[in-house]
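Starting off, we have a lone chain in the form predicted alone, written out as structure tokens.
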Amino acid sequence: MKVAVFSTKPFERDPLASALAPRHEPRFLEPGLHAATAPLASGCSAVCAFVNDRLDAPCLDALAALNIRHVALRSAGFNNVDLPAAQRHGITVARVPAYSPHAVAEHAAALLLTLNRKTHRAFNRVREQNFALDGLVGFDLHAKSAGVVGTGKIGARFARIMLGFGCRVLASDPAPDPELLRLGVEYLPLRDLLAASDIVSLHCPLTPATRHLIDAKALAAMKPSAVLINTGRGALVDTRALIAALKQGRPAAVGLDVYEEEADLFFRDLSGEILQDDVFARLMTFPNVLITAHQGFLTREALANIAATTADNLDGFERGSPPEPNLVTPSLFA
């Protein structure tokens, strides 16, 4: 199958080529996929899209006009796809639901540890021969309450990491994980979790119901001393509300691997340009905010798994349907 692979990054090209080339004909493209770039897929039967590609109705209209019937997502999330529009055109969509829950969960833990023990600030001080410890005081994770919002594969893995630190782990999810319950994780309504947690980590998908899940009211419900971590999707957090709360001294620290408007920023080198996003620029002024550019997935194991599952999904397209757990339907977006 000929497949146009949009938003190809240097770090993923070799794994993708190794996984796809034996059975498929990948056309690697650097531009992101949106309505204006869709014609680059001419002559292909499928497109392969990355996390910030924009598969809205105009884009899917353009793909359908090219007789493209399949979309293979190189991500677990699918909020960037207009699923009803895909269904209208008979375009099948598949994702990579579990490329490496360890990678993202461990990155969430890395953000938490860095913010708590301020190792990023200590690193810069020592390089300048400043060995003072003032301002670097952290806290023991042991016996703290860690709130996990969303206990799918990634959230469940993060919960286990926090249990390993000796935390009391709280969770909020419509479908409690029986194994986590057995391990002693307590499930609570979201507002109760926010009020009780010293650490709040977001691991739920972005849907209409979870957009701005962490808004002004949610931030006000959190402890002023809490640490907020988001490695899920940027729009789970209302960024403007977060900035307003930070100006008032809460939460105590924030670690973000995702951002609401990241599509215009992340996965590119803008170091020689003037930053046009005033909201993001304001966010970066806070000394207690740590931002990474959507790198939670970036491990060798995850890249290999993403490539292998993408190849399996393309194989499934040729057979008539991708593996059932990978298939994305409008009902999932409800």
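All residue numbers refer to positions in the sequence shown, first residue = 1. None of the values given here were measured: they were computed from a predicted structure.
Quick note: we don't show the form predicted in complex with a small molecule, though the next part is all about it.
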**Message:** How about residue 153 - does it come within 4.5 Å of the small molecule in the model of the complex, if we only consider non-hydrogen atoms?
**Reply:** yes
**Message:** I'd like to check something about residue 173: if you look in the model of the complex, is any of its heavy atoms closer than or equal to 4.5 Å to a heavy atom of the small molecule?
**Reply:** yes
**Message:** Although the partner isn't part of this model, could you tell me whether residue 232 comes within 4.5 Å of the small molecule in the model of the complex, counting any heavy atom of the residue?
**Reply:** yes
**Asked** According to a 4.5 angstroms non-hydrogen atom cut-off, is residue 296 in contact with the small molecule in the model of the complex?
**Response** yes
**Site check 104, 205 and 258: each within 4.5 Å of the small molecule in the model of the complex by heavy atom** = yes
**Complete:** If we test each of 253, 161, 76, 81 for a heavy atom within 4.5 Å of the small molecule in the model of the complex, the one that passes is 76
**Prompt:** Quick one: of 214, 94, 146, 149, which gets a non-hydrogen atom within 4.5 angstroms of the small molecule in the model of the complex?
**Reply:** 149
**Message:** For the interface check, one of 119-127, 86-94, 214-222, 197-205 should have non-hydrogen atoms within 4.5 Å of the small molecule in the model of the complex; which one?
**Reply:** 197-205
